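This document opens with one chain alone, in structure tokens, the form predicted alone.
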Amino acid sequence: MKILVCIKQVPDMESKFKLNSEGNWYDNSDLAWRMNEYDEYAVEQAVQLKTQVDEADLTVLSIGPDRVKEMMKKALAMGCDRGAHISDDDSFKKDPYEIASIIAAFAKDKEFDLIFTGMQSQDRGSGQVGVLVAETLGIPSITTIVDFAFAAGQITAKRELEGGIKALIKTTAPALLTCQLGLNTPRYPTLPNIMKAKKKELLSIPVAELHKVASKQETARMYFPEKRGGGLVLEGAVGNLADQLIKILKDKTGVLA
């Protein structure tokens, strides 16, 4: 069995963000970087499956500048066999369709049986990349999985729906799955595995070899939410509250003439 897991490097969400000079993304300087939290669950699930299936082979892929290699080493230490780094200093400028097309171009001739991704990234949060990869490759996808099992060639997964409802989905490989928080408990790499990871294959591929499509959308501007004033609490009898509210609506909003 051949398995692919896709991960993304994102800033630590506790970082102090500021906009870049173009005003269309965050400034990359002075940020602490980490593996996207959703992707940690994807890596863990892929590693668990690898240990379950005889002769399974697990590749981890990430798109980005050279700094993502350090994050990829964590995935290798968690149990991935090799890494494929798609070298791209401008990956943040690419929309979900472009990113998915790059991943699909890498995967199309490698006959992966299963592909795992995070449900979404913590910085862009589109939730589109995994599904677009599956559509491009022409394979089924199961999104937002919170439970996973594989036996006798069949995939059984539970996916999270609104209102706490879960849907039970079954399919066969090849397939792609996007992983939700709580799917499992991501392991911490041990020191021996960290040392072994340094010897594992980590290839860099220029993005130009895989990027063959035009963008579908563009981020025109990013901005911080406007600060709003505090709320106003009205107290008193119901009749007086109604009078106060009407006066406020007249004086402050113009809703009532």
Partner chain sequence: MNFQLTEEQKLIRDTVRAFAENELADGSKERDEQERFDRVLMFDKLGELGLTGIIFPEEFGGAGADYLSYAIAVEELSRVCASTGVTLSAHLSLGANPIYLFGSEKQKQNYLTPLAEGSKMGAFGLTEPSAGSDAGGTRTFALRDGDEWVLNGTKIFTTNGGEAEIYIIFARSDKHAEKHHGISAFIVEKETPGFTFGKKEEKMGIRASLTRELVFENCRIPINNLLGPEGSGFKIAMKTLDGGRIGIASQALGIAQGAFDAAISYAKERKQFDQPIAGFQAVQFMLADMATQIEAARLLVYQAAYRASAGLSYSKEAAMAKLFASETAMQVTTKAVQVFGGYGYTRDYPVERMMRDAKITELYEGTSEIQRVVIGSMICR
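Please read these numbers as outputs of a predicted model, since none were measured by experiment. So that the term is clear: the rigid core is the largest set of C-alpha atoms that superpose within 1.5 Å between two forms. Numbering follows the first chain given and starts at 1.
Keep in mind that the form predicted in complex with its partner chain is not shown, yet the notes after this line are about it.
Note on the interface: of 57 to 65, 186 to 194, 41 to 49, 204 to 212, the segment with non-hydrogen atoms within 4.5 angstroms of its partner chain in the predicted bound form is 186 to 194. Although the partner is absent here, K94 lies well away from its partner chain in the predicted bound form, with no heavy atom inside 4.5 Å. When contacts are judged by a 4.5 Å heavy atom cut-off, K200 does not count as touching its partner chain in the predicted bound form. K74 belongs to the set of residues with a heavy atom inside 4.5 Å of its partner chain in the predicted bound form. In the predicted bound form, its partner chain sits beyond 4.5 Å of every heavy atom of D27. Annotation for 45 to 69: the only interface residue with its partner chain in the predicted bound form is K69 [heavy atom within 4.5 Å]. The Cα shift for P225 between this form and the one not shown, taken after rigid core superposition, is smaller than 2 angstroms. Relative to the superposed core, E235 undergoes a Cα shift of 2 Å or more between this form and the one not shown.
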